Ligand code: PA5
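Only one chain is shown below, in structure tokens, and it's the form predicted on its own.
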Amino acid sequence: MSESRLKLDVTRMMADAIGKGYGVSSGEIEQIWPRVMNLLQGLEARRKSGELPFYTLHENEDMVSRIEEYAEKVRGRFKNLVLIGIGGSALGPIALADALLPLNWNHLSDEERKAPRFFVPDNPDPEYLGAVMEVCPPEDTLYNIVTKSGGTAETMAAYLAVMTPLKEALPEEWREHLVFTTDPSKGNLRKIARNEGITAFSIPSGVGGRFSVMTSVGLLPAALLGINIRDLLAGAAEQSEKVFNREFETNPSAAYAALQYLAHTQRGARMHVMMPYANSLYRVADWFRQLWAESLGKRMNLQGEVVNTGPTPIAALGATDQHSQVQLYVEGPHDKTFTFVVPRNFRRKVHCGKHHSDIESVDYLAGLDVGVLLRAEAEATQRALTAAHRPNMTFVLEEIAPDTIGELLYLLEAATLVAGGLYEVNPLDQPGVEAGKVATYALLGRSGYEDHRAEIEKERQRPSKIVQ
């Protein structure tokens, strides 16, 4: 096994670093680890039976080849790629694009990019969607519509909105400007694809939206944007060799889950802050918020008991949030853990000039690479939190590259399944989300939801308490 370019430093999660009663003790790890090993044994068996296909997505050569063939076929044809999806259908692709493309991607010229601009209107805000439609003429745009069910109201509304100008501009060629990502065999989008002859890619039936970044959901837009998806999957493969290791020291995904669980249940750290020290990684923290919250925040446990459990994930950005959140993090309630994500090397170097040699408090920065400053800020925040007895750990990436990002995302997905077992909840369902979907369908008059609509109308008759 090659040496990983991603490491997890858990030193400052431990009691001997941040203080007894604040950090996790070695004894607590020893006590919980047999339970973790049992969970790993069960998960490994489910993986081998095919019940958890996300574990082996990186082995799907047919999927990768088909995506690469399509990306090559349309290369140079479109100036814009507009992905229409929400939740897991959008957060993974956004995280990949932000991490692996230049942050000024949409402002580069076509010659500099050699790939389309990328837009993801992942909210049915008419000003947002309308603005994207305005800057992306249909004749220059490929629309990737992403919904596994084919019935997500927000996604299908945006799809229907862009279809009108698309058909008006290209009455004969509009189908070539659409590519669907959806269920392999059923759902509205699959039906439309069959009826209209639209290219469609599949999301494996056993992979939920928040675990779908290594499917065509994330890989198709990544390939269209010129990201090396084979390197991305190679990173996932690197981590896949470790996720069932039975030792704490050789299984970072299980170690991460166990430490977060113990900090929550034994130390009251019910909020889990992820704080990358790189703007390009902030949307990875945003993606993690959904993964952790939707998987672990549950009303019922596996025994059918009401537990209302789950940690609250929070996305922050270093060093920006040192000037907005760290005061709370260092001196506020002892109810948080902190996960830093820090690259050893940045892809750019920006040096400070020497302009005020007579002012020492400014001149000491002269000649400094700004990336060195940012890494120093990360270490300073870690030290401040540690001195204040706040549990924190760090993912260290050798560099921000497809393989390290693939490894990090895979690790966090695997950790989520272990954490689900520790919390004794189903990390693969989302009943609380479904309730909101039903209410939306009822409010918009979808057939089959008349009883729900009647209940809503009855509730609307109750007097409201307004403050104005």
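One rule holds for the numbers: they count along the sequence shown, beginning at 1. Computed from a predicted structure; not experimentally measured.
Keep in mind the form predicted in complex with 5-phosphoarabinonic acid is missing from the figure; the text below concerns it.
When you look in the predicted bound form, the only residue of Thr312, Gln266, Ser149, Asn279 with a non-hydrogen atom within 4.5 Å of 5-phosphoarabinonic acid is Ser149.
The single contact residue among Gln239, Ser89, Gln260, Thr339, judged by any heavy atom lying within 4.5 Å of 5-phosphoarabinonic acid in the predicted bound form, is Ser89. A residue is said to contact a partner when one of its heavy atoms sits within 4.5 Å of a partner heavy atom; Lys437 meets this definition for 5-phosphoarabinonic acid in the predicted bound form. Though the partner is left out of this view, Gln290 does reach within 4.5 Å of 5-phosphoarabinonic acid in the predicted bound form, counting heavy atoms only. In the predicted bound form, Thr416 stays away from 5-phosphoarabinonic acid, with no heavy atom inside 4.5 Å. For Arg210, a non-hydrogen atom is located within 4.5 Å of 5-phosphoarabinonic acid in the predicted bound form, even though that partner is not displayed. Comment: 427-435 is the region of 66-74, 406-414, 30-38, 427-435 lying near 5-phosphoarabinonic acid in the predicted bound form, near meaning a non-hydrogen atom within 4.5 Å. Contacts between stretch 42-63 and 5-phosphoarabinonic acid, counted in the predicted bound form as any heavy atom lying within 4.5 Å, involve no residue at all.
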